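First structure 1, then structure 2: two forms of the same chain, each alone, as structure tokens.
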Structure 1
Amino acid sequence: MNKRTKQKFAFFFFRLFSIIIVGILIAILGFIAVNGLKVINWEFLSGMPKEGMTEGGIFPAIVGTCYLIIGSLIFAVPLGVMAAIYTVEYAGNGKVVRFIRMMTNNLASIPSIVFGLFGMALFVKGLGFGDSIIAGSLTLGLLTLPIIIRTSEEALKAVPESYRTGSYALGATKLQTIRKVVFPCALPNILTGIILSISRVSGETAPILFTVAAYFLPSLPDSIFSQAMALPYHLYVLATSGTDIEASRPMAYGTALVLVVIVLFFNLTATLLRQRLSKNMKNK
């Protein structure tokens, strides 16, 4: 075979593979959208599950997921942003930073089920929170910490050095410079990291299995120490261990669609925001 033909052959496959990837995404999303749309209406979104979760709605699961998002952000955002400020603005570029960065990378690579085990051992049992929104939020917060640290670091690094020297030249202290100049500049980019972690928190199942998630609750949670239902776990329950799996299949499709829409909405927002921001940076 001549080398031009070989090239044509190889490149044909690479194009094909790329089309396959798009095909896979369309297949998954299309399948869930087509089946889910049949179920979704106002009652589905705002109602309680009925008849052993084969009818009614998924309102408590949506509420639970919202609580978990808020709870984990309250914990992870300040911590993550401060960690990034420390590594970028204070720690210089020595061994300490390299160690912190390595640890952040390692934290990001730990499987979510291990976070679940840890959350159960520390928050549920060790600190005695029991299966509760706070235990789940803290566990999910740990999980999103690396995302927030990493995006915040990048955001802070992208602030031009001249802004800092300019501020110092006017007699501002380091802390004032960070608060008044660097942080406001980096904020939009930090925001993309936060949005991305919302997407992650709303989709994770394994960490909440043993820290918060309830199979079924007749009422909405009333404090941070109560259990809650959550969308991803609800989907898992409906798909594998509902009272009547066949009858609850439509509910499962609906839940999957709601979950996918929430997760991908935040995911896409973050991606687009990042693209927009990096374009703006270039134009400056």
Structure 2
Amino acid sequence: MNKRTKQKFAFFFFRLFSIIIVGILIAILGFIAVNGLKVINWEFLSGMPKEGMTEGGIFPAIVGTCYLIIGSLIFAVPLGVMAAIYTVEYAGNGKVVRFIRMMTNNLASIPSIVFGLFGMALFVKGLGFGDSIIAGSLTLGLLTLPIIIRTSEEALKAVPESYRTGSYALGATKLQTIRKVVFPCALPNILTGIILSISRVSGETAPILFTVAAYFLPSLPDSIFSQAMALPYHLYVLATSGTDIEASRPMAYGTALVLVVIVLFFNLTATLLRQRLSKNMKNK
């Protein structure tokens, strides 16, 4: 078998695997959409749950999920990006950086339920936040830190060294170079890590189970110290326990569809922002 034939076989398998992956994604989304659209209406999206969550809507769970996503990003993004700036721009390649990266990798490998137990011990019990939005947001923020740190590091490393050298030659300080040159160039790729973290946060059930999620709460939270319903936990309850499973099955599919749409909305918003920033950088 010559090289050209081997190359054709390789391209064929690569294309086949790509088609299979896309097909699986379409099948999952299609299954959720077909079953979920049957119950999607205005009352379902804007109403409060009723009759043991077999009737009514999921509006409190939608609001709670959005609060948790935004709250976790407010905590994790600044901390993760600053940690990445320190490791790439200040710390060099010494033992400190190797230790930080090793700990980051270890943090990324910890099961999410362990984060939930830690969040319950520290934020719920230790700091006295109780089961609340702030406790859940901080726990989810810890969960997404490794993703943001590593993607931010790679984004900063991708900035050409000539940009830094040129900035120093013009008399800029290191901080000015990072703030005016390096960070704006790396920002579009940093947003990639934020997109990945949104996807991770929005679907987690175990951490919020211990820190914020309410089983049945037909009202909206009035502060960051309030409990809240969340779509992942709401979906788990509808599909497994605590209610008439068969009666609530259509609502489970509808809840799953809404959760997917919310994730896609946040991801699309971040992607459009990244593309706009990239375009602005090219035009400068």
Partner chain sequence: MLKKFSNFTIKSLLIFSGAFAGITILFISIFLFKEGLGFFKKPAVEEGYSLFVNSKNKVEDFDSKKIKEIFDHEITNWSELGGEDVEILLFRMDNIFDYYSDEELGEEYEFLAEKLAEVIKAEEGIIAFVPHQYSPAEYSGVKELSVPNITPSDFFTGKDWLPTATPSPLFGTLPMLLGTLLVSLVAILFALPLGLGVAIYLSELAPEGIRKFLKPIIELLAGIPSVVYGFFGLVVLAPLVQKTFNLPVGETALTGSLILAIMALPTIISIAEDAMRNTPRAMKEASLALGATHWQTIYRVIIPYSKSGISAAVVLGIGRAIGETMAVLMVTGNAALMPTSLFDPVRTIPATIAAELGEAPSGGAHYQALFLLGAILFIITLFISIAAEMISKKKNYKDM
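On a predicted model such as this, the values are computed, not experimentally measured, just so you know. For the two forms, the rigid core is made up of the largest set of C-alpha atoms that agree within 1.5 Å on superposition. When a residue number appears, read it as a position in the sequence of structure 1, where counting begins at 1.
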Report the structure number, 1 or 2, for the form predicted on its own.
2
Upon rigid core superposition, what is the positional shift of the Cα of residue 268 between structure 1 and structure 2, expressed in Å to one decimal?
7.7
